[in-house]
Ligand SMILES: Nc1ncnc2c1ncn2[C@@H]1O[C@H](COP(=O)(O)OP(=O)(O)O)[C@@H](O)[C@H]1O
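Just the one chain here, laid out as structure tokens, in the form predicted alone.
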């Protein structure tokens, strides 16, 4: 396990929880409820890869506009447009009207063609509910949703060599049940409110090809991004 090549996130406090970084070419499920920091964590992963490792990255989003993501990143001093001009980063919004049977392979081909080393899919929860519409069934069943998501995750794992983050809503049973089975790692983000105070935390639930820390760690978001406090 120690000999596995690592992809450093360079997110303060995180890499030491997984023996130096994500195992190379792994697929990571990043699960959490709204406001836990999933988008920030993912943008920081891509930004750090581009700036510190010179690794190209892509953010595919079914939920956010590209401009909104760039604006959010700017709050932390991350100039995504500069990286886009250098072809170290791409943000690709995919609207509902653009989804088709070829969407799965289109995404994989884009990753291949750009030789991207880091990929974020935001989110598989949205994709699970939107993509089967109008494909094989006019009224998608639970089975068809699961079948589509399984196909997407399996194809991505088989044909793509990037180290990827799949964002998911924490309490979404359909997408998480498939993703947890197919993903190499699971990182969960939590948000709690106690007596008017808010707290966030992070747990590495599993990580194949490495030994992972199993403790719950406080997560903070400040003006430079996500920070994980080690106990």
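Residue numbers count along the first chain shown, from 1. From a predicted model like this one, the values you see are computed outputs, not experimental measurements.
We do not show the form predicted together with the ligand, though everything after this point is about it.
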property	result
Contact flag, residue 66 vs the ligand in the model of the complex, heavy atom cut 4.5 Å	no
Close approach of residue 75 to the ligand in the model of the complex, 4.5 Å, heavy atom	yes
Any non-hydrogen atom of residue 61 within 4.5 angstroms of the ligand in the model of the complex	no
Residue 221: touches the ligand in the model of the complex, heavy atom cutoff 4.5 angstroms	yes
Region of this chain that lies against the ligand in the model of the complex, out of 158-166, 33-41, 50-58, 201-209 [heavy atom, 4.5 Å]	33-41
